[in-house]
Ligand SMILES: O=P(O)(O)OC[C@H]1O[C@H](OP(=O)(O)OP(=O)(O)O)[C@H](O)[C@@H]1O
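Before any questions on how it binds or moves, here is one chain, the form predicted on its own, in structure tokens.
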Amino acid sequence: MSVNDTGSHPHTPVLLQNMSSSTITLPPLAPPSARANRSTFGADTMPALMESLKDRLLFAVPKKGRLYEKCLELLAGADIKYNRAHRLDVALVQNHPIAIVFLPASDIPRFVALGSVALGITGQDVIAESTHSGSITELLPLGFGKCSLQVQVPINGPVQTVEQLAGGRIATSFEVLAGEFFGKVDDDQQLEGGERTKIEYVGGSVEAACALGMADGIVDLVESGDTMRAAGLHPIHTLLTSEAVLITSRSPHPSLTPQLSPLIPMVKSRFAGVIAAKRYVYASYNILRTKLPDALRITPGRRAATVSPLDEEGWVAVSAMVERKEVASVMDRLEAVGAEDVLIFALDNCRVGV
């Protein structure tokens, strides 16, 4: 995590906003002669920062990038309230003993695996690339940040299979996963002369590497595929599919006290409820009992539908959770089998059991 100064002078004291109590101001700096040979960050900032995080569960979320905005929506939906001070990567939660730590997504698996933070959100691709997957437990898939890590080559190029790429040049920002994959390909091909596939790290705009003559193929994340098609590339192999996940360490840090441990299942349950509320709507309708079996095949519910008798003989009321993306089709099919008074209700939030 990083803490930055808030004034124009490089030694302006940092303010850490504790939204549940008061503002903590760091002690005044010593005279220049007294601090000439020591780090002002380590001596002055760290004690106050650590004191503010005492007795709080540390929760790492991406500080920028494709997952950042979605994480903020998820935290708001779960009623985890905080204010983040300008240029500060730590925010104290107001209504729970939690501190949100904003970190690069690629660093979060390591912090979680080592127990430095108790919870984190990052992509499955980042976890696999970090080599810390064996020390991490995935608690909940979050349904966003979905993508695929693919091998891509020029559409009209001479190389169209991973076997043909063996011994060639691969540009990627996923050196670990690409190295492991092509290491196996090289072994299977038993390349003559010992020429093995060369993995070259490229931090951004990987899709341009082939057109610039830097590589014969690339390994990169693909969401819609539009960027790759625009660069004249297409996929020939998928290494893995990925989405954002809530994670924790297999070996929790000793700082995770009995008072803080219950926060982990609470956060997981709240996140699952927010996700379900976005995915499902609540359907209610009336139907003759004789036609109930046909209706229940259309609306089986997330676990099971609720069926209640009506005052009118032979009629029942049915309610069930229905996937939002299927709601128009479900209403049409219900009407076709004789359902009446079909109503759809949006869900603000829910608890679904995880």
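Here the structure is a predicted model, which is why all the values come from computation and not from measurement. We number the residues from 1 along the sequence you see.
Missing here is the form predicted in complex with the ligand; even so, the following discussion is about that form.
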* Asked: in the predicted bound form, which of the listed residues (291, 66, 302, 324) lies with a heavy atom within 4.5 Å of the ligand?
  -> 66
* Asked: Considering the ligand in the predicted bound form, which of 163, 195, 223, 187 comes within 4.5 Å of it through any heavy atom?
  -> 223
* To do: Determine which one of 279 to 287, 200 to 208, 257 to 265, 92 to 100 lies within 4.5 Å of the ligand in the predicted bound form, judging by heavy atom distances; exactly one does.
  => 200 to 208
* Asked: Does residue 135 reach the ligand in the predicted bound form if we count a contact as any heavy atom within 4.5 Å?
  -> no
* 4.5 angstroms heavy atom contact with the ligand in the predicted bound form for residue 227 -> yes
* **Residues of 229 to 259 having any heavy atom within 4.5 Å of the ligand in the predicted bound form, listed in sequence order** => none
